[in-house]
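Let's start with one chain on its own, the form predicted on its own, as structure tokens.
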């Protein structure tokens, strides 16, 4: 019998927390979700009774912990009331979790030189992606970037697990342009300017590029259509279309995105 891959809605529990730089790392017990996730998947997490909107968080890591088979690690950057509420949760707190959600990164069918570009907390899905790529004999070059050192994500862990890691604080465009020259495939997760820099560099080099787009999500299940992403060419009919980030993404082929209208 095949394993069902659809999202689940569960009442989870915070198993552990830690602060690293500007980020709060939460380890969640959310039965069934970790087993179904793939790099690029995300979860929608409740933010307390006073707030209707949930927060979308990248699944950073899935691992056994505390007797649980597949806990979820997520990374929170406290910026608004909801993310500050999440960052303040203590071990043992209950939290509603829905996931895994969204279309994950697509892996190359044959070994290929892969460039991964991750910015700030949005780099969360890339270490798991790097592991999947290495299992497929793909050489991985990882560029971690952030506006400042406190918002770089897991530099030491990345250097332990990825052969080539570049760390950039400030504008990453020069590092991206230099690294794309030796890549066959580019994967990126970060702010729109960084994703677009990856898209432009990849297009100029003639290599494929996938971007993980973050939009403000309300329902995170496609019902409200509140996370529009304009596409130049839809994969089904080739025409322009506005799709939903939460169910049609968050990972898109960079060449399909209408960056001027985003």
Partner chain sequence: MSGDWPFSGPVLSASGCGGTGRELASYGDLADLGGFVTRSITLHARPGARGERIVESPSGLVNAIGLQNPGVEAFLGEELPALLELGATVVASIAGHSLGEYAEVSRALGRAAGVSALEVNLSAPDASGAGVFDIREPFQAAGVVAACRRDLPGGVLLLAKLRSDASRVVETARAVTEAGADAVVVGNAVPAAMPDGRPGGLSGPAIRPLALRSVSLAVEALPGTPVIACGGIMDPADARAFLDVGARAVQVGSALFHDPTAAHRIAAALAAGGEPR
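Numbering follows the first chain given and starts at 1. Only a predicted model underlies this, so the values are computations on that prediction, with no experimental measurement involved.
We do not show the form predicted in complex with the partner chain, though everything after this point is about it.
Novice: Can any non-hydrogen atom of residue 27 be found within 4.5 angstroms of the partner chain in the predicted bound form?
Specialist: Answer no; every heavy atom of residue 27 is more than 4.5 Å from the partner chain in the predicted bound form.
Novice: Just checking whether residue 244 would be counted as a contact of the partner chain in the predicted bound form - the rule being heavy atoms within 4.5 angstroms.
Specialist: Yes - in the predicted bound form, heavy atoms of residue 244 and the partner chain come within 4.5 Å of each other.
Novice: Hey, in the predicted bound form, is residue 18 touching the partner chain, heavy atoms inside 4.5 Å?
Specialist: Result no; residue 18 lies far from the partner chain in the predicted bound form.
Novice: With a cut-off of 4.5 Å between heavy atoms, is residue 53 one of the residues that contacts the partner chain in the predicted bound form?
Specialist: Yes - in the predicted bound form, heavy atoms of residue 53 and the partner chain come within 4.5 Å of each other.
Novice: Any idea which of 27 to 35, 63 to 71, 224 to 232, 202 to 210 reaches within 4.5 Å of the partner chain in the predicted bound form, heavy atoms considered?
Specialist: Careful reading of the contacts points to 224 to 232.
Novice: Ok, 101, 114, 75, 180: which has a heavy atom sitting within 4.5 Å of the partner chain in the predicted bound form?
Specialist: It is 101.
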